[in-house]
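Okay, here we've got a single chain as structure tokens, the form predicted on its own, with questions on binding and movement later.
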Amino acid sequence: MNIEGHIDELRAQFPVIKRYTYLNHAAVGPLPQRVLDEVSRINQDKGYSGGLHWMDWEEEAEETRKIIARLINAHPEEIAFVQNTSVGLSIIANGLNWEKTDNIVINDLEFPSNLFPWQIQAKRHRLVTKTVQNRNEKLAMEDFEEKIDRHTKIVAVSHVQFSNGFKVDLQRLSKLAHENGGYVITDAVQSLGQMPIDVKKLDVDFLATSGYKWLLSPIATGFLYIKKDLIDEIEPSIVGYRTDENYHEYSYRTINPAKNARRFEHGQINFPGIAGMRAAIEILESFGIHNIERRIRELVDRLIIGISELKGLKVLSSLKPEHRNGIVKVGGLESPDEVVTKLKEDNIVISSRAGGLRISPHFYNTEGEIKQLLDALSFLTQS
């Protein structure tokens, strides 16, 4: 669907535009009205009918699992519902069979959620962690090549870095890790929803994400992808009734873990949130994720040109096409936090991260909103 030709219809789905120029999707994405309606529907069902619709919710959740799988070119049996990215990452960290000679490769740009689980495992099992140091806020593949060796059990890296939007070449990194007998796990929370992701092409072994950012889904929604051939290699670290193959059977018995990724869903899942996530993904699919990526790139191009014309400001994110996306980091300000606060007073919402401004438009934003931000920054930098 052509986004430009349906922009008014699209924007009518976002209540946030009635109050804010919202350019902060790398922090928290707003909810479209259709998502709000779906969440409310499930809650209303529970409020008025208790558990009478339970099996309907289960069926809808399984449909959502299929939609998620389609979004990333996976199989439904490779998808587990999780509350957030941290849970997904921790399931893998706690479930791997660690050996004393193993090492873990991380990097110094990662969000803590993709650092702490590995640091805990390293301490618990007395493993070595190797840290790839950034070069001017960029991660060089040759530095990964230097760190990865035959003892590397896992390489943990975000597809897109949260602070500046640097996009990693996951396909190349997966090849490197696999040649050395290791696995790749990626945090996709800053990429999924704003660009196409094909887990088969990228050949990552595990992918974890939350829904509340670019996927425009409710808080406490997310999923974990586990390559089908690796499901049996990960030991469930937290178990419950949903872990079992026959999870609707409640009698006394010995656990028989599900043969698919559902074995990592220990207890009750978030039916309202999952219904909302399904609606959000359907909206994204209706416009086409390639079209969404193109639309975001157009907005970012306009933003980058505008920043370059403002005295004292500079774009700190990589401008190379292969590393760019919807996150733009801007430097040259003495107090980014104060600028964010002043912009909010004008109902313009962005974030400050790592000593700069972080701006992250989505596909429903407009060139007019980008101009509004640039005009406000021009005033603030001149005053």
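From 1 onward, residues are counted along the sequence shown. Bear in mind that the values here come from a model prediction, so they are computed numbers and not experimental data.
This protein has a second form, the form predicted in complex with a small molecule, left out of what is shown; the following refers to that one.
- A heavy atom within 4.5 Å of the small molecule in the predicted complex is found for exactly one of 144, 118, 271, 162: 162.
- Contact annotation: of the candidates 212, 166, 183, 81, the single residue with a non-hydrogen atom within 4.5 angstroms of the small molecule in the predicted complex is 212.
- By the 4.5 Å heavy atom rule, the three marked residues 86, 158 and 189 all count as contacting the small molecule in the predicted complex.
- Interface residue remark: residue 113 is counted as part of the site for the small molecule in the predicted complex, having a heavy atom within 4.5 Å.
- The partner is not drawn, yet in the predicted complex one stretch among 123 to 131, 105 to 113, 272 to 280, 71 to 79 has residues with heavy atoms inside 4.5 Å of the small molecule: 105 to 113.
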